[in-house]
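The chain that follows stands alone, in the form predicted alone, written as structure tokens.
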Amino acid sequence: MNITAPTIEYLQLAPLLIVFGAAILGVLVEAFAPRYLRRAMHIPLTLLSLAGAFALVIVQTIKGVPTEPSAMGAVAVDGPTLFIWGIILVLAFVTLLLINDEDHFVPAASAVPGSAEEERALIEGNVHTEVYPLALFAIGGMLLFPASNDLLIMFVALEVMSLPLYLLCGLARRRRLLSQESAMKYFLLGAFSSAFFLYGTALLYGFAGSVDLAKIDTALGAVGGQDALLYTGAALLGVGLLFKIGAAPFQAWKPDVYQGAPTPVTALMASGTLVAAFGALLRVFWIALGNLDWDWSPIMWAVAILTMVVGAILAITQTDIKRMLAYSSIAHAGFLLVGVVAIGDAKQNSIALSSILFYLAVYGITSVGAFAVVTMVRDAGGEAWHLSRWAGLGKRSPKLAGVFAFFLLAFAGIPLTSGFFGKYAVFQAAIAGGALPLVVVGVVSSAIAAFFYVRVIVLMFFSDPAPDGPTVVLPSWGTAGVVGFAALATVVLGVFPQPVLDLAQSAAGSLFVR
């Protein structure tokens, strides 16, 4: 039986279509289903759609990577895209297991914090089931963002990914004012970054006469006398993308948003959003602007150094556990940027890309696990956010403290953890690409970062617990599964990383369909 070209395109885009279709069905559930049935309908719909999309990614990988873009050239489903899709779908699935816990989200978002309306909603046991379709729309945007083959589709994906996250950040059940403040900061700064991205897109269109990434690349060698449009557009586009990964000096939003958002939403942003943003960054700078690397590489060097140093040093000063993990995320974004500047010939690009893909996978999994542990350490008013409250946790709950310590060691890049091989792969690619000074800065920053990770471990195991210290709540099956999965993956990928490295190398071999 002959399969028509439109059918093949639908098959290539099937993971995207399933996630967006499930998100639309979730909106219909919110509109027409009785309130008491909504959560029971959302949970299987959300999890099955993500599992189905992941299965289709595997099928597509086995059948063979497409060699032509889909959707009239707007979406590139190539090897790196399929690998990134797989990472995002796995991270989204486990994060939604955290979101499924009822006590993370406010029962009435429209109620004034501390008002009688909010108290009534708490007593009635109201649940904000809108989080499920919002999360699916955000995940759909994460899938489309790194697969976009033209800047206009990339901008649409950026907004589809960001707008639901702005709302989700303001729905924390506790510390409501802080949550709403974080949502407002994220929205305002995110709107500015989107404006930079869109303005840069307009200028590059003026330079190349197209928003298609391949045509912009072709125009670099064919269009003369328009350098002002090219360099200004590339700079503005870079600002929009670097904001999303939290690179310095565009990182100011990250600690505040991570601190105020519901912790499962923080986990989704720290993992899925970072993976999607790096995929988009690579596609823009290696495809559309790849022949301009002599011009943008020095700037990216400076951004990588600043990001690593700022993330590592400022993390030391933090007393809030989520802010500390936010600055850790900033430092890791800097380590990933080390791989981005390791551009060269086709072989070097493949090595650098595979190292970045592997790093994204291992960091995302470990990050979700760390935030899952944070949700389980509670004070009377909610999560124990201040580091002093974690003193003696190793004596109160040695297993949980041990798992969290293991995640921190993975962040530090200690051998026999997945984080070690992630950093090793990226630094090795950078050395091969002639970026040895950048690697030296990365190693020094890793040593500085190790200090605040070890400080938390010492606090947990070598300090006496306070009499009124926090308690460790009995985790739901979802939270326990997330912690167990993340810990197992961190161990396995730290001892036997080669299968995933080989998978990343295979994906990188089909370097970006044009």
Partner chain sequence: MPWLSILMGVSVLGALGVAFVKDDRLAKQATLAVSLVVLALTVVMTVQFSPNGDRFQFVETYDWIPAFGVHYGVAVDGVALVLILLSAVLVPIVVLASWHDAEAGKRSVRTYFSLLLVLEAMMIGVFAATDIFLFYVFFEAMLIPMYFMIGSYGGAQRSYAAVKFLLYSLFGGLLMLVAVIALYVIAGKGTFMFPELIGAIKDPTTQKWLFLGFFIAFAIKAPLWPFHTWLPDAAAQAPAGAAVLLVGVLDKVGTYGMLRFCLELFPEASKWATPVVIALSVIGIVYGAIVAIGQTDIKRLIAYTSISHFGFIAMGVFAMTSNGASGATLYMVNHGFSTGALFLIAGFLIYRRGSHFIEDYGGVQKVAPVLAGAFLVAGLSGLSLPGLNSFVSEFMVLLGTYERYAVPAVIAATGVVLAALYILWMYQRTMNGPTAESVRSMPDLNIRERWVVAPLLVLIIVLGLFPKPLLDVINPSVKETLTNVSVTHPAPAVAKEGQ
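Please read these numbers as outputs of a predicted model, since none were measured by experiment. Residue numbers count along the first chain shown, from 1.
Below, we turn to the form predicted together with its partner chain, even though it does not appear here.
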### Message
Only one of these stretches, 412 to 420, 89 to 97, 197 to 205, 317 to 325, has heavy atoms within 4.5 Å of its partner chain in the predicted complex; which one is it?
### Response
412 to 420
### Task
Considering only heavy atoms, tell me if I153 and its partner chain come within 4.5 Å of each other in the predicted complex.
no
### Query
Just to confirm, V458 within 4.5 Å of its partner chain in the predicted complex by heavy atoms?
yes
### Query
Using 4.5 Å between non-hydrogen atoms, is L230 touching its partner chain in the predicted complex?
no
### Query
Might L281 be said to contact its partner chain in the predicted complex, defining contact as any heavy atom within 4.5 Å?
no
#### Entry: Answer option from A191, I431, A235, V223, heavy atom within 4.5 Å of its partner chain in the predicted complex
I431
### Query
Heavy atom within 4.5 Å of its partner chain in the predicted complex: which residues of 423 to 437 qualify?
Y424, A425, F427, Q428, I431, A432, L436
